[in-house]
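To begin, one chain is listed below as structure tokens, in the form predicted on its own.
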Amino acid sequence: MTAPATPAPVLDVWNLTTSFRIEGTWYPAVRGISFALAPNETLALVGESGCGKSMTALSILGLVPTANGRVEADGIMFEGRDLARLSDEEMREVRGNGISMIFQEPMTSLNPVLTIGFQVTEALIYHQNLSRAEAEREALALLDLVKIPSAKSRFREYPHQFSGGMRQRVMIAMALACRPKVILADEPTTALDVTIQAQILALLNELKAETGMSMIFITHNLGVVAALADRVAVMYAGDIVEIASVGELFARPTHPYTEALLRSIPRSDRDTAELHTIPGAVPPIHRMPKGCRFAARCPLAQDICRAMDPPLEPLDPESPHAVRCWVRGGHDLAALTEDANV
């Protein structure tokens, strides 16, 4: 009996690098990352601020400012088209229609002088060619879908008349307006209290099940990842340093950075005196160290870590669990050190 065929990825990113020019020199903020997103899958991008998570999403959608930024990739494949090769006009057709984004701060993403109803309706008129009346009926249905109470009476209200949680629901409704295949959710619960955060996460899970959409969920909160994601890509200083299924990552965190992130999660069964922090900070893009970018903060770092950049490789040939680490990646350190004259 043959195994069922693996469905084709809805989004396939190959060797994505995003660079910025500082004093005449280009420095990569996201460096050579690759991943595939399966239909109806949630992939979490995790890491500290400044690790390149949001920049990855902006690069996929072609939203990196071209005045001092550039995006290069071997391919960003979506529905048979390479997004990295599309014109601005072609990308406008993709944004909001095939791929939508939920930004982390709804008050700065919503236009304060336009009603909520107008802003949700706008995408439907632009992408779906609906009349104003048809678009308003669909927009009301979307506001009901994201569980905004009294949606009909609130349709003509402005963003400042909504709470933070309700504004985020409006952003989700706007992202879902054209039934996209992929949602990029950039820390959509960061500005919300924990009760509202739980409601938004439950809503996203429910909508994903109902619509069959795929999602890239960007966060620094590993507790959120456990509740929402199917797979996790841990990012550090513009690199993916570990990628695995959510169960595998929590059961067998392999990269020292992943271990440090998991240790730093507050737990109800752990005394506050035992809270762990990660010493140091993510280096700025124009001062990246040679070798492994985490070496200066890593308790396991060897001489080779400071001299050579490790590749992202599977832990074994059959494993989808991959790690970028000389010490934990199953490498022969003695042979490598001798070859590199370290």
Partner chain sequence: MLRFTARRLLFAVPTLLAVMTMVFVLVRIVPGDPAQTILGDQASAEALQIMRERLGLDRPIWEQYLEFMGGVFTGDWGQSMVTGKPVLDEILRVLPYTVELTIASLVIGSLIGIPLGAWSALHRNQWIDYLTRVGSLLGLSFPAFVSAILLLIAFSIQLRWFPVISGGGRATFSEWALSLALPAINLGLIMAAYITRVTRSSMLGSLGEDYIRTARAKGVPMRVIVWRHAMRNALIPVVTVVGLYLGILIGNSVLTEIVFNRPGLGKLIVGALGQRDYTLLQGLMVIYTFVIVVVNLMTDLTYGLIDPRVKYQ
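Please read these numbers as outputs of a predicted model, since none were measured by experiment. Residue numbers count along the first chain shown, from 1.
Separately, the form predicted in complex with its partner chain exists; it is not shown, and the next lines address it.
Trainee: Work out which of the listed stretches, 209-217, 238-246, 114-122, 69-77, brings a heavy atom within 4.5 angstroms of its partner chain in the model of the complex.
Mentor: It is 114-122 that comes within 4.5 Å of the partner.
Trainee: Using a 4.5 angstroms cut-off on non-hydrogen atoms, would residue 105 count as touching its partner chain in the model of the complex?
Mentor: Yes, residue 105 lies within 4.5 Å of its partner chain in the model of the complex.
Trainee: If you check in the model of the complex, is residue 171 within 4.5 Å of its partner chain, heavy atoms only?
Mentor: Heavy-atom contact with its partner chain at 4.5 Å: present for residue 171.
Trainee: Indicate whether residue 96 is a 4.5 Å heavy atom neighbour of its partner chain in the model of the complex.
Mentor: Flag for residue 96 set to yes.
Trainee: Check whether residue 85 has any heavy atom within 4.5 Å of a heavy atom of its partner chain in the model of the complex, and answer yes or no.
Mentor: Output for residue 85 is no: heavy atoms all beyond 4.5 Å of its partner chain.
Trainee: Considering non-hydrogen atoms and a 4.5 Å limit, which listed residue (229, 101, 222, 260) is close to its partner chain in the model of the complex?
Mentor: Looking at 229, 101, 222, 260 one by one, just 101 meets the 4.5 Å heavy-atom criterion.
Trainee: Give me the residue from 92, 179, 154, 137 that has a heavy atom within 4.5 Å of its partner chain in the model of the complex.
Mentor: Partner contact (heavy atom, 4.5 Å) among the options: 92.
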